[in-house]
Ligand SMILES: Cc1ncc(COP(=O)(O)O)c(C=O)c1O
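As a starting point, one isolated chain is supplied in structure tokens, in the form predicted alone.
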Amino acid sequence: MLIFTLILSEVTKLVEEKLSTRVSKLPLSVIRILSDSVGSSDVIKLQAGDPDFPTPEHVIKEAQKAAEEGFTHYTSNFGIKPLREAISQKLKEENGLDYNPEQICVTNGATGALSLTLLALLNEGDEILLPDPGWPNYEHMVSVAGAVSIRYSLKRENGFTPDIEEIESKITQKTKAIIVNTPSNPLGAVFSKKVLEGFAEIAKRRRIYLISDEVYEKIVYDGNEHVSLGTVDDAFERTITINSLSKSYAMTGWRVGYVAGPKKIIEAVASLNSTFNACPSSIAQRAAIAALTGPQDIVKQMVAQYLKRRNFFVASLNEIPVVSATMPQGAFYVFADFSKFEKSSEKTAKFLLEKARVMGVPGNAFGPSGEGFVRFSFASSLEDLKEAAERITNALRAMSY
């Protein structure tokens, strides 16, 4: 499978169609192209962050009830008030964040929350700091907003945690905000309160915003604790909190996310939400209330399974002499270093797809610092992970590592 020929083909199509400059400059999602390019083959697909668990039954039943009751029409562009009240209560009880319902807007997933927030904040030529490696869509969204992405590095030798001094050095008069993602995709790093205090101090002194992507907050291991950035001293007024039900409740396809922050920003986000989306799905919003207010044991059960999968898969990769994988503290990704085998992450990903029939994402899709790495999701079954580990081992052994 010539993955990167596919990417080039997609770029060519954009140019030939003479679409807007905005679209032609938009980086294409390698993850999405990978996901769409294989179909029902014998490939083990570890490229996407999509839990393999079913959505909890009580959530599905509430959606069915909502549909039967005719709750199938437009809602407020802020989201229905009962859901915003449930989110407000959740944030108070679980995160220590005091947002009232008027400071919350429900969106089409965290992707919607992030994209609308960036459109609300950024002007043409503004700069925003992004993690490197970091989720590719951050850069895509910034590009659409006409702003400039400035990357701050997350290095393996530092446990994939940021260097606050480096971040400080990258801030200019054009800097509008910093995106902070913990637990991290693709790295699995969980930032300590001390690190978050560093972000907060910079934001206060330089008068910039902090956009805190917390979608993996419930998926942490080994006694690590997620700390919401807005709870750190002096951070609340300058923090915009992004979250979603997708990962925690296996609801990726339901598309329910939310943004909480200063009232004026939330009003701007809601206005954009109305412009681009009218409103979030009415039925999905009812389901989201059930997820947030109903039994939470299912979340703990899923995390327990992720822990078993993480332990097995990381250990299996580390048994291969030319592979080195750091144990992730959170989320459900392994960011494995294949640089002893091949410096190019794209060549490694292509090799694994063609020779091992295992699909991972080349590390450089997440930024220049990801070169030499491949990201695998362990949100797949343990059986798939066992087969994938065996295939990767055999394919590399055949190359006489």
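Remember, predicted model here, so these are calculated numbers, not experimental data. Sequential numbering from 1, following the sequence displayed.
Not pictured, yet referred to below: the form predicted together with the ligand.
Checking F191, Y138, F313, F199 for any heavy atom within 4.5 Å of the ligand in the predicted complex turns up a single hit: Y138.
This chain lacks the partner; the member of N273, S244, T239, T117 within 4.5 angstroms of the ligand in the predicted complex by a non-hydrogen atom is S244. The ligand in the predicted complex is approached by R255, whose closest heavy atom lies within 4.5 angstroms of it.
Interface residue remark: A110 is counted as part of the site for the ligand in the predicted complex, having a heavy atom within 4.5 Å.
Taking the partner from the other structure, the ligand in the predicted complex has a heavy atom within 4.5 Å of a heavy atom of V215. Interface residue remark: N77 is not counted as part of the site for the ligand in the predicted complex, having no heavy atom within 4.5 Å.
The stretch from 147-155, 217-225, 178-186, 85-93 that comes within 4.5 Å of the ligand in the predicted complex, counting heavy atoms only, is 178-186.
If you take 146-175 and check each residue for a heavy atom within 4.5 Å of the ligand in the predicted complex, you get nothing at all.
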